[in-house]
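Before any questions on binding or motion, here is one chain by itself as structure tokens, the form predicted alone.
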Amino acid sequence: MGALSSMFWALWYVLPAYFANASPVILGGGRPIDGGRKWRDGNRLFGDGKTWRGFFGGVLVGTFVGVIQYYLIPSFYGSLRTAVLLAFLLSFGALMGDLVGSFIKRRLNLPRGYPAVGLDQLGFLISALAFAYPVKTVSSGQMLFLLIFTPLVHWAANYFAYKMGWKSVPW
């Protein structure tokens, strides 16, 4: 497999996680996951930015992206069942990673929306890859590519969302 082809398939693989991670910006709102509860340090567990609607909406969007991918290139997944399972695991994993990142940011007293370089861009990716690993994985070269490329995509998507008025800060 050539380098360009390998990069394409790595992006194709992780696409449900990208969509799952981005969609709460549009679909979120409503009741916070932590219900306003605080950790023993006195700070919120996750904060108002992590809502049930955003979490479940993100998982649904990411899973739906996997179904669309299956119908576009069925040979990548082999079966619709595998496509749905993998897309669900990538999406759920991405949003769990995002929650862990938010939890860590609250422990560090970082306010909502404050950038945490590395944690914001890679936490969702690493968690998504870990959750999906039992079903299908990428090569080490593809993983390295995703670890380098994902922060660029993340920053560009956040800037776009900021310009569209969906986010209050460009990071």
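Computed from a predicted structure; not experimentally measured. From 1 onward, residues are counted along the sequence shown.
The form predicted in complex with a small molecule exists for this protein as well; it is not shown, and the discussion that follows is about that form.
> Can you pick the one in Gly118, Gly35, Gly29, Gly141 that has a heavy atom within 4.5 Å of the small molecule in the predicted bound form?
The option sitting close enough to the partner is Gly29.
> So in the predicted bound form, does Ser102 come within 4.5 Å of the small molecule, heavy atom to heavy atom?
Heavy-atom contact with the small molecule at 4.5 Å: present for Ser102.
> Would Gly113 count as touching the small molecule in the predicted bound form under a 4.5 Å heavy atom rule?
Flag for Gly113 set to yes.
> Answer with yes or no whether Ala157 is in contact with the small molecule in the predicted bound form, where contact means some heavy atom within 4.5 Å.
Because no heavy atom of Ala157 falls inside 4.5 Å of the small molecule in the predicted bound form, the answer is no.
> How about Ala10: is it within 4.5 Å of the small molecule in the predicted bound form, going by heavy atoms?
Heavy-atom contact with the small molecule at 4.5 Å: absent for Ala10.
> Using a 4.5 Å heavy atom cut-off, which stretch among 131-139, 66-74, 36-44, 53-61 contacts the small molecule in the predicted bound form?
That would be stretch 53-61.
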